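The chain below stands alone and is given as structure tokens, in the form predicted alone.
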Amino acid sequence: MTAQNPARQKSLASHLPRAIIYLILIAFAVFYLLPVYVLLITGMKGYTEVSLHSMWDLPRAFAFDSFAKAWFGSPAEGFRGLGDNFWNSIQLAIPATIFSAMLGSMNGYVLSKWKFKGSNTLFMLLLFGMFIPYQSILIPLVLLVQKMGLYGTIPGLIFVHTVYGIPITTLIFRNYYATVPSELIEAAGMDGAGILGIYWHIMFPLSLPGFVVVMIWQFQSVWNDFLFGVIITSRPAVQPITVALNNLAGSYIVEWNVQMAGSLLAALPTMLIFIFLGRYFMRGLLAGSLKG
């Protein structure tokens, strides 16, 4: 017994730091999930149940009427649902993410492996684009999109998000490709591959971790954008879901249960992406996508 007690105490002492870490992580997880809890239970309540005093209480009966109302709208109360705008966001976010990822990948490849005179200056100018406030370029941006005939359309929004996504995607891919040995490029060049052949046959197949990081990053950025959506598209029929969510209010009263249900519907795609692809996002980060 006397020999077992020190061993047991030593075992408890060795597990105590890990238990404290788990408790802290659980506390942070609960804290960050509180808004989701409020969104969910408020969306399941009826309008008469919603109040500040009962915001933490569970609904008397779980119902999804608010979600249906947020999705399909209510012409009688003067607001449209989020269903059509949800698909507008799908049509916007997927191509904008793919285009900006492909352009960033090719830029990163050239700027990391085919450096030329002024390449570092060009890269710095690209990065500078990330720090320009969106509000400062809205007027010339709108004029440009109007001249292109894309104002008020989803292709116009795709163009804007693709252009604004190029700096961050270039940075991520440049840092990722910097970890690829240059000897691999030289060997492919000695075998007769050109700049595009090396990219397509060597670098692109190695880019999966980088693409996962970039596409998750860009998708959530494009999906959650509100400013460009409300500036470039003025017609409700072509606006993304974030703009439609802002308009999800009745003519006379605000039904907070419908607002909360709509917010959850709008956030659902990005939440699912991070739930199911979050581990690949972390692997890509650890593989060097944001190092350097």
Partner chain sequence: MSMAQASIAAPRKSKGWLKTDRLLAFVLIAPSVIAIAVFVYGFIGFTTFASFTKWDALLPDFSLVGWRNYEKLFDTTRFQIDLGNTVVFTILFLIACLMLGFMLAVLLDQRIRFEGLFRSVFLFPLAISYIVTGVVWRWLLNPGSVQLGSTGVNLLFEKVGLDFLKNGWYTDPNIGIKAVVIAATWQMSGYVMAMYLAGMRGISEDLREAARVDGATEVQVYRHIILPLLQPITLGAVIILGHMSLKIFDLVVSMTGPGPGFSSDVPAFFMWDTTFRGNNFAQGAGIATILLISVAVLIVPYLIYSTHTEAEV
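Think of the rigid core as the biggest set of C-alphas that the two forms share within 1.5 Å after superposition. Positions refer to the first chain, counted from 1. Remember, it's a predicted structure, so these values are computed and weren't measured experimentally.
What comes next is about the form predicted together with its partner chain, which is not displayed.
Shown without its partner, this chain lists Leu127, Ile90, Leu208, Ile98 as candidates; in the predicted complex, only Leu127 has a non-hydrogen atom within 4.5 angstroms of its partner chain.
The stretch from 71-79, 90-98, 200-208, 181-189 that comes within 4.5 Å of its partner chain in the predicted complex, counting heavy atoms only, is 181-189. Using a 4.5 angstroms heavy atom cutoff to its partner chain in the predicted complex, all of Trp114, Ile139 and Leu227 count as contacting.
In the predicted complex, at least one heavy atom of Leu103 sits within 4.5 Å of its partner chain.
Pro35 belongs to the set of residues with a heavy atom inside 4.5 Å of its partner chain in the predicted complex. In the predicted complex, Asn246 approaches its partner chain with a heavy atom inside 4.5 Å. Contact annotation: Trp256 falls within 4.5 Å of its partner chain in the predicted complex, judged by heavy atom distances.
The partner is not shown here, but in the predicted complex the stretch 153-172 reaches within 4.5 angstroms of its partner chain through a heavy atom at Phe159, Val163, Tyr164, Ile166, Pro167. Once both forms are fitted on their rigid core, the CA atom of Met55 lies 2 Å or more apart between the shown form and the other one. In the core-superposed comparison between the shown form and the other one, the C-alpha atom of Leu272 has shifted by less than 2 angstroms.
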